[in-house]
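Okay, here we've got a single chain as structure tokens, the form predicted on its own, with questions on binding and movement later.
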């Protein structure tokens, strides 16, 4: 579903991604872990061109999105993105936050979008917050709404960029629960996270990135129980 070839990204003289090659199949749950500054979030943001790669190619569903002729906005409709800091519109109700994009882009009528929003709010137990504003919600509730807002576009892939790192510890669980349910439903997911228990439980593959390269990749069991490279062993000894 997603093919990445020789992906490079530099910010000035700082080379953050150094020639990444990777393939993601439909329905896979890829969890990316690694130390801060290893290029994890930059890699994720390149997948929908929120960051423009310095070199290399990315294909999504057979279409090369790094080709300047590609309509990236059309591709982005297939990709939901959930950020660390929610990025909700503070002046809109929760219902309007969720229905804005599908209606504006002509994907659904207002009624259809509203019906879909209520159904999704039911999935995350927040139907009672439809008329509330973001400022009235806890961090965990905001992040669950951010996930719902992405799902309202019927994406084929969901990208999560450290979705729990801005949350209080007791709110992390409620967001991870929604993500686990999403994983079980067969959604293709790519998630940058520090939550090792989530990686162990929900991932098809876990990737370890450091210094702009993929150093190791394996099934969760092999990744955590028998890491191959010294750098990963060192990393796991500090975070587990």
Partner chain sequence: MAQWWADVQMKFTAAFITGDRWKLYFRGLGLTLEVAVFAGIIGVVIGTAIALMKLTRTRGGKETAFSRIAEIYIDVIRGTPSVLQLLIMWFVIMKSSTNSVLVASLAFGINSGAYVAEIIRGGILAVDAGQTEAGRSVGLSSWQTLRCIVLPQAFKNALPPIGNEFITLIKETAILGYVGLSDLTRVANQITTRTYEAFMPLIGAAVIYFVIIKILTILLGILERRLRKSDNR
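Positions refer to the first chain, counted from 1. Predicted model only: the values in this text are computed from it and were never measured.
There is also a form predicted together with the partner chain; it is not shown, and the following applies to it.
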Next on the checklist: Can you work out whether residue 194 and the partner chain are in contact in the model of the complex, taking contact to mean some heavy atom pair no more than 4.5 Å apart?
Outcome noted: no
Checklist entry - Can residue 88 be called a contact residue for the partner chain in the model of the complex at 4.5 Å between heavy atoms? => result yes
Next on the checklist: in the model of the complex, is there a heavy atom of the partner chain that lies within 4.5 Å of any heavy atom of residue 50, even though the partner is absent here?
Outcome noted: yes
Next on the checklist: Is residue 81 near the partner chain? Define near as a heavy atom within 4.5 Å, in the model of the complex.
Outcome noted: yes
Checklist entry - Can you pick the one in 95, 101, 126, 108 that has a heavy atom within 4.5 Å of the partner chain in the model of the complex? => result 101
Item to check | Residue among 165, 154, 119, 73 with a heavy atom within 4.5 Å of the partner chain in the model of the complex | outcome: 73
Checklist outcome for this item: Note: the partner chain not shown here; in the model of the complex, the stretch from 40-48, 169-177, 210-218, 56-64 having heavy atoms within 4.5 Å of it is 40-48
